[in-house]
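Presented below, as structure tokens, is a lone chain in the form predicted alone.
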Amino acid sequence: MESITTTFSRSEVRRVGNRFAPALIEALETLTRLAAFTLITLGTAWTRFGQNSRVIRPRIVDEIHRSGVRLLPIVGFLGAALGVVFVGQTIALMQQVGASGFTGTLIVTVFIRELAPLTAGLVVLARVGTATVIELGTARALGEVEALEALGIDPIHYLVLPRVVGFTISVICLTVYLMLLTLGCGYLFAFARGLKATPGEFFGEVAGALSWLDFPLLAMKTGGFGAIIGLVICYHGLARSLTLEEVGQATTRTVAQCVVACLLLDAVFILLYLIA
């Protein structure tokens, strides 16, 4: 009986291993290629810094407009909704349980440190990132990237760097915009429901819950989200040869990997907050 159980257990372990081993190997290969692509991008940014600025700077401005300015309405709507749903309800709940003094700490911990950066990053990924993967993947499938190389134009410098820089700046600015709008709408909603605190008292309480460490960590986190999204998008669009039929699959992989990467980076910053 024991031998049968042992044989069954070994067969199950072997079956599970055969199922997950290829996925693990593929994940490690993707991570290695992404790391190599990131190093190539950083090397290009270092060696070509300031070159062709008349061409690159307008492309960066275009990317900021595309992934930042054009998303202000949808981010504004989300900010108003979060202000009513999260901030306003949080203030009301804290008043009901007699813990109004912890309102600022709760808003800073949950919204400013975690929810706002993730929301801004995911909005950029959903509205601009997917379209960018399709754009770059189609260009690669049609041979346009090879045409740039034949003309002596570095695709990393011309196609990748403006997008990475533009996404990074856009996520940082959209996060700040989302925070201010959410806090303002949340205060107005709570004031309409009978909040006695003045705007100065409310925003002073939120500011008092912030520490000096929040500012550099928040800047690094939001910038990291934008850079990760830009790098993963450009990797899947350019680093591998694609056919037109594979562009859709590349887009799906990009979204999944961007979400996982942002969550892992967020976990790292949570550990930093706990250590500090």
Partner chain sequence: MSDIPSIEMQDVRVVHSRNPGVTLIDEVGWVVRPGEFWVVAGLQGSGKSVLLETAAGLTPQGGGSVRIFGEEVQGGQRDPEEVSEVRRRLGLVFDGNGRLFPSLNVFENIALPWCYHRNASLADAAEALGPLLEYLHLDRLLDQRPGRLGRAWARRVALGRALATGPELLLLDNPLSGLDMAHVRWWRTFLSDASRGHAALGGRPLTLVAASEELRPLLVAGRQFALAHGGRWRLLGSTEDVLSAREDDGVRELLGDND
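Note that the structure is a prediction, hence the values are computed from the model and not measured. Numbering follows the first chain given and starts at 1.
Omitted here: the form predicted together with its partner chain. The next part is about that form.
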Between the options Q249, T30, S53, S211, which residue brings a heavy atom to within 4.5 Å of its partner chain in the predicted bound form?
-> S53
So which of I74, V176, A147, A92 gets a non-hydrogen atom within 4.5 Å of its partner chain in the predicted bound form?
-> A147
Contact test in the predicted bound form: R48 vs its partner chain, heavy atoms, 4.5 Å | yes
Do F203 and its partner chain come within 4.5 Å of each other in the predicted bound form, heavy atoms counted?
-> no
Given that the partner is absent here, does R113 sit within 4.5 Å of its partner chain in the predicted bound form, heavy atoms only?
-> no
Would you check, heavy atoms only and a 4.5 Å threshold, whether A99 touches its partner chain in the predicted bound form?
-> no
Counting only non-hydrogen atoms, which stretch in 102-110, 155-163, 192-200, 179-187 is within 4.5 Å of its partner chain in the predicted bound form?
-> 155-163
Partner contacts in the predicted bound form for 94-120 (non-hydrogen atom within 4.5 angstroms of its partner chain) | none
